[in-house]
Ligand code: UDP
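Just one chain follows, in the form predicted on its own, and it is written as structure tokens.
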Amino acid sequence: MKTILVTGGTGFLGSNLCRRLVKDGDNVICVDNNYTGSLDNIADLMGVSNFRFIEHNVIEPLDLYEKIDQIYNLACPASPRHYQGKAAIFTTKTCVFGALNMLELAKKNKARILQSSTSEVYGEPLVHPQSESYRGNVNPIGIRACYDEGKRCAESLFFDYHREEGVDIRVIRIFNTYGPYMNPEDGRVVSNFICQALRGENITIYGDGNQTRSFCYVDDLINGIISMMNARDGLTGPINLGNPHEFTMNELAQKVLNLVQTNSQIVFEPLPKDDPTQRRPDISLAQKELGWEPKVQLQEGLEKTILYFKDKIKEA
């Protein structure tokens, strides 16, 4: 049994990862300050013998009495609704200080540590699809920079700790992911469209709807994350994890309307500044090194996610 620390463990990805690791029989320590996460996401894990929750902000150092074998560093606001405006400085601190503190903990424990980076490091890409060798086109002073550049800096810290301190690192770049335990109010496009449709509200598309994204169902992503953590020695990454099938916002909205069967209409609003118009991963490296690729098609994943949000909206 491994002892595994998951930061950001009450968030969307973190709670799904904790649930999977607990099921696999690992001893899981979930750390979060619940800024964007929720204890509701781990309610079913509370009281389970191989699970423990610690309320803590990773901006501050963390010291634990037990030996840690692996660290998944997922802590950071990941939605523009959460990190823009008055949370921008907090987001940069979480990316940078959080990475530093977890790297120091990994160094102390001689633990393997995985950084959940993001496709946002590619910015508004001038190369399509995006492979790991592409260095990106990011506005360093834009309203998204706190997240984009914060994650880029975290990647730099991870590789410096690997080169200078010998820390065993893994870096993944996550593309758009969706599924159960998303925050209904996080402003991400899938949760937005589904919740608006379920409430009978108009579905809001920013821009003309021809901008594209690739949507990976959360179970597929969790498989990829765990595969990367446990892959061969020396595989540092970065490695893209996401679904290579590309859809326009108009196509996604229509799929949601068809599945929910609502009277909602599609309305258009101006595209936010620095919002990428294209995003699709080249996953050939993940296929080669991890034997990984997504299995869940968008239709099936949306059906499962809609069922989850139906229950959440009833509870609200």
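Numbering starts at 1 and runs along the sequence shown. Remember, it's a predicted structure, so these values are computed and weren't measured experimentally.
Same protein, other form: the form predicted together with this ligand, not shown, and the subject of what follows.
- Every residue of the trio 188, 249 and 271 has some heavy atom no more than 4.5 Å from this ligand in the model of the complex.
- Looking at residue 280, you'd find every heavy atom of it more than 4.5 angstroms from this ligand in the model of the complex.
- Within this chain, residue 170 is remote from the site of this ligand in the model of the complex, having no heavy atom within 4.5 Å.
- Using a 4.5 angstroms limit between non-hydrogen atoms, residue 91 is distant from this ligand in the model of the complex.
- In the model of the complex, no heavy atom of residue 122 sits within 4.5 Å of this ligand.
- Partner contact region in the model of the complex: 197-205, out of 126-134, 197-205, 222-230, 95-103, criterion any non-hydrogen atom within 4.5 Å of this ligand.
- Residue in contact with this ligand in the model of the complex (any heavy atom within 4.5 Å), chosen from 244, 80, 184, 238: 80.
- Taking a 4.5 Å heavy atom cutoff to this ligand in the model of the complex, the one contacting residue in 134-167 is 144.
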